[in-house]
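One chain comes next, on its own, written as structure tokens: the form predicted on its own.
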Amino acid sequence: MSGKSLGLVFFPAFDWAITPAHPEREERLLYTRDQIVEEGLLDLPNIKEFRPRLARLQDAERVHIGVPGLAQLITDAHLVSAGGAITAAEAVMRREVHSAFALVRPPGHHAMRVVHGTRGFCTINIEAVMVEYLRRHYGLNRVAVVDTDVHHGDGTQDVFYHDPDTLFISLHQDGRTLYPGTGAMSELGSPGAFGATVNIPLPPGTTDQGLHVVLDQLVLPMLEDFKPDMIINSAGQDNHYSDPLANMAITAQGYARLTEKLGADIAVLEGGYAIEDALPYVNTGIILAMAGLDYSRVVEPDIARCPRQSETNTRYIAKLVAEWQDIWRRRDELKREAVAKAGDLWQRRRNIYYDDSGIQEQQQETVRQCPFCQGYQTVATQADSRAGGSRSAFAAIIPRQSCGVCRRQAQAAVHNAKQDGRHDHYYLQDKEQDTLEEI
């Protein structure tokens, strides 16, 4: 038997659900588990199963600022899901396996840096918690996260939007046609990290043909240029033609070939809600591809239902690829222009809706542009719930390898905000010291 060693982590989270009949439920993983057991994949010598560990609250607070506190917003299931991703990553870092696939839930890629509740089925960002854990404990620097879920990975984008060392690439159904509505090409990262955010919004009805044009002509060359220390795949399977929550036309073969070409070190399950028709086949194809085994006979029983790509979509995707190739070629020049235009401070205001929690958040974010480090960030946030409650917070974030001036200014910003007394809570997140402190 040939192949590469692969680690698998399963965590179906039997005791966690948004509602009992919600599409994001434990059966998503149970059908996959049944399929791979029936196929005998767990009996193969190069596939090894690992038990998930429990992440610590500190691991999550290395990424998130929960208001009024992250511990009040999550359950142990969230920490096991994040811990499962960490388990997979550690197996790779310790060279116990060549790569690993964490089949865990709850998912995470819609969870942003500031957390008031659950949105898009996500409360903490599983991949981001794993990335920051690896940076803290293994010294990783340049990381690429390729999000292949049908929904834009807005939470992962938000966490890394100011980080030039994280290349975040999201392939998704165009946000003008699907939740969460973001992920336009114009979202490119803040000036100091310009071009490290890459959004590729695809038209509904995109098939394997369009997906692999984007992969071959954009994603793989970008990864080659960026030269990451590690590639992570946010592996959402809801681009499948049978998925009930979206409108794309990808097959299990399309996903498996994507996985083989991408060569991710770690894959982490995100979405995918065709529980019987797609997930067992797509996940089996991904597992075989990651293990370097033949996946050519993984075919859905109803494959005849899969539509063909329209000529209109083929032309649209070709134009999209050409536009992105031009941006990528000129990214250094465009970054210099963005930094010069921003001056000392870059700001943006946003409205963020928590669809699962009924919370409307208004947020103002400010980034100091520093010539010696990544600068620091402040976030002023106000959240109003449909139940009538309201809470606000002000936070300052000190990134890794910050200079002394930025550290002092960030500390002063949060103390000055508390003296003004306009918010309910005040936080200082210090990534250099690995602390989150309520002031």
Partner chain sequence: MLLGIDVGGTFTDAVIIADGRIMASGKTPTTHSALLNGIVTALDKVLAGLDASRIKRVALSTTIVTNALIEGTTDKAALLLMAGPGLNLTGLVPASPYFLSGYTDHRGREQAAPDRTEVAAACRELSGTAVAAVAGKFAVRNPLQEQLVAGWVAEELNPACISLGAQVSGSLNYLRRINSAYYNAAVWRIFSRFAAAMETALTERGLIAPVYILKADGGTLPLAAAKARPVEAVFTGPAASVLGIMALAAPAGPAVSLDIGGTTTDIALWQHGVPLLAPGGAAVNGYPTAIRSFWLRSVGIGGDSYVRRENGSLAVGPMRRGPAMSNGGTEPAVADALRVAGLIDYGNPALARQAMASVAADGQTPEDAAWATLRVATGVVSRTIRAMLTEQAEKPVYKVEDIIAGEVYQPELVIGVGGAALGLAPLVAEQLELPWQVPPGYMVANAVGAASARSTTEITLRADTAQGFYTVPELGIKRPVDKKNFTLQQAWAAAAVHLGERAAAGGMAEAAAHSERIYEEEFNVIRGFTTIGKIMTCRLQATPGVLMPVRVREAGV
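Numbering follows the first chain given and starts at 1. Only a predicted model underlies this, so the values are computations on that prediction, with no experimental measurement involved.
One more form of this protein should be noted, the form predicted together with the partner chain, which is absent from this view; the next part is about it.
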property: Segment that reaches the partner chain in the model of the complex - one of 193 to 201, 128 to 136, 73 to 81, 216 to 224, heavy atoms within 4.5 Å; result: 73 to 81
property: Listed residue (G40, G388, P371, G404) with a non-hydrogen atom within 4.5 angstroms of the partner chain in the model of the complex; result: G40
property: Among the candidates V299, L334, L345, A184, the residue which, in the model of the complex, approaches the partner chain to within 4.5 Å (heavy atoms); result: V299
property: Distance check, W16 to the partner chain in the model of the complex, heavy atom within 4.5 Å; result: yes
property: Contact flag, R56 vs the partner chain in the model of the complex, heavy atom cut 4.5 Å; result: no
property: is_contact(R408, the partner chain) in the model of the complex, heavy atom dist at most 4.5 Å; result: no
property: Touches the partner chain in the model of the complex: F101 (any heavy atom, 4.5 Å); result: no
property: Any residue of 252 to 267 that, in the model of the complex, places a heavy atom within 4.5 Å of the partner chain; result: none
